[in-house]
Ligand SMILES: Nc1ncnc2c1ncn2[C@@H]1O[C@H](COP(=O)(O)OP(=O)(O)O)[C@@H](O)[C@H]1O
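To begin, one chain is listed below as C-alpha cells, in the form predicted on its own.
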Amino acid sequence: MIVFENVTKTYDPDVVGLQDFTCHIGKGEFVFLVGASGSGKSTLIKLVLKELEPTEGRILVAGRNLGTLPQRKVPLLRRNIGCVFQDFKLLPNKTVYENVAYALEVVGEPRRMIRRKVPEILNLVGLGEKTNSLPHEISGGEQQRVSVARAFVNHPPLLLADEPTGNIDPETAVGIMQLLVRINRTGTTVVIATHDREMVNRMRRRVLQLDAGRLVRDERRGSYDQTPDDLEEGV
C-alpha cells in the first residue's frame, strides 16, 4: 500500500524531516508511527498525501509513483485516503450528518447514495442519534467519531490518523482505537501517528519508531517502550 525507498525530506535551512527512510506497509496492515515531536511522523504523513515533495527518494501509494503523478491527479489520490486529525477539523456550522455528507458531496456522489451511506456510517461509529447535532453540541470523543466517519464513509483503501486520541480522555481514546481496528478489519490499511504510549503497548501491532527523521525500529507486535538496544539483547 505504501512504499518509501531511500526518502529524504529536508526543510530550509537544513532541517531534516526524514533521512534515508525506507519502509514498506502492506495492504490491510495496522501500523503505529511513534517517536518524539519533530521525529518525522507528520512529515511522513504529508509526503503520503503529496502535501510535501521529497528531497530525494521514491514514494509509491497503492502502486502509484507520487514523483510522476500529475498535479491534476492529486485530488483523486487524496479521495482514496481517509484522514483523521487531532483537532477533528469539523465544519462548525454543519450538523454531524452534513459534515459526513460533505465528504461524499465533494466527490460527486449521487444524493440517493449519500442518504444511504451517511446513516450507515454514523450507526457504525455509534452516532446514529446525533445526526442533527452541531459539533459544539457533542463531546470531544463524539467529534472525533464524526471525523472517523467522514474519513471512512468512502471506504478508502488507506486511512491515516495523526494523533487521533490527543485531545480526548483515555477511556474515550480506547473507543476510538477500537473503531479504527474495526475499520482495519474491513481491509483498510490504517497508519496511526501517536504519542499515546499506553495505547500502543496495549494493542501490540506493528510499530515504526522514528528518531530525528530516521527509522530506528520496525517491530511486528511491538511496543512503544522497546528500544533498539532492547531488541538486540532479545528483551
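Bear in mind the structure is a predicted one, so any value in this text is a computation, not a measurement. The first residue of the sequence shown is number 1, and the count goes up from there.
The form predicted together with the ligand exists for this protein as well; it is not shown, and the discussion that follows is about that form.
The ligand is not shown here, and in the model of the complex it never comes within 4.5 Å of any heavy atom of Cys23.
Put simply, Val181 is far from the ligand in the model of the complex: not one heavy atom of it is within 4.5 Å.
Among heavy atoms of Ser42, some come within 4.5 Å of the ligand in the model of the complex. The ligand is not drawn, but in the model of the complex it has a heavy atom within 4.5 Å of Gly17. Contact with the ligand, judged by heavy atoms within 4.5 Å in the model of the complex, is confined among 32-40, 56-64, 196-204, 172-180 to 32-40. Looking at 54-75, no residue comes within 4.5 Å of the ligand in the model of the complex, counting any heavy atom.
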